[in-house]
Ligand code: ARG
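In structure tokens, one chain follows: the form predicted on its own.
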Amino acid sequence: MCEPDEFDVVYSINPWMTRAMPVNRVRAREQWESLVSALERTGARVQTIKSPPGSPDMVFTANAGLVVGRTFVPARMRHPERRGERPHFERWFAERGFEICRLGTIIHEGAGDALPFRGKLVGGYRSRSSADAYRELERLTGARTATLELLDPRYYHLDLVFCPLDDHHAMVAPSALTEEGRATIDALVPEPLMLTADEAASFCANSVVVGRTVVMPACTARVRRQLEDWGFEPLVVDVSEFQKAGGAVRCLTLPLDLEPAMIGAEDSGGRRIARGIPTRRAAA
């Protein structure tokens, strides 16, 4: 997670962002600290990075890149306003001994558009990430991928409309997907919790699952009942200041525990599959 010292809405790169809704930065800091506390209470361990001046969206670390085991694949942002974040994230991971594997010139916005589910990396594309990026991610990480085209520009990243809960269940906002994407979900998710348009707009799917706890920015009574019936415990944390920029709980976090086996990236002997893109080993 990235400390919110620089967080603000000073430009508009998605439909949620408008300078007519100023950010209360004191309140944003309080909300961010409450989220950290909530995640730690569930058993998660939170590591943080500082944002340099002039990086108001760096707090949304889900878009920093994709972590698979000890490999970090930095994002290539579509909008120039966010491209300055990349060297700071690369440095953070390099200092901790991660291998840095770059995508080249293809646009992909990190873990916000790539979520593990049932042995695959489920990827979103259209608004921010390129569909072609998933072939490159397969080569870099050995992942098996399934892609979903994002139809509604309000839901510009996959993590706003798809939240894996376990290997059997996921929250999905079908109104944000194409007909083909809805068919992919039908085939991929044994028991989906289909969110209404209003539930999707409350960022309900932009949640983080730790064990059986679902840390959420909002949860309707209907969604709560279904989650509890499935054995999950919803935990709502107010991140409304960050929603002014189009992000919520999941956007504010970058998972560091995605292992190759979770996305089909090991062979039968349990060895990591290495694909044909040159990489460099970062110095610890």
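All residue numbers refer to positions in the sequence shown, first residue = 1. Computed from a predicted model, the values in this text were never measured in an experiment.
Another form, the form predicted together with this ligand, is not on view; read the next lines as being about it.
Just one of 160, 176, 75, 121 comes within 4.5 Å of this ligand in the predicted complex, counting any heavy atom, and that one is 160. Interface residue among 89, 98, 156, 134, judged by heavy atoms within 4.5 Å of this ligand in the predicted complex: 156. Mapping the unseen interface onto this chain, residue 216 falls outside it, with no heavy atom inside 4.5 Å of this ligand in the predicted complex. When contacts are judged by a 4.5 Å heavy atom cut-off, residue 66 does not count as touching this ligand in the predicted complex.
In the predicted complex, this ligand sits beyond 4.5 Å of every heavy atom of residue 258. Interface membership of residue 223, defined by any non-hydrogen atom within 4.5 Å of this ligand in the predicted complex, is ruled out. Stretch-level contact check against this ligand in the predicted complex with heavy atoms at 4.5 Å: of 246-254, 227-235, 23-31, 37-45, the positive one is 246-254. Within 4.5 angstroms of this ligand in the predicted complex, the stretch 110-128 places a non-hydrogen atom from each of 112, 128, taken in sequence order.
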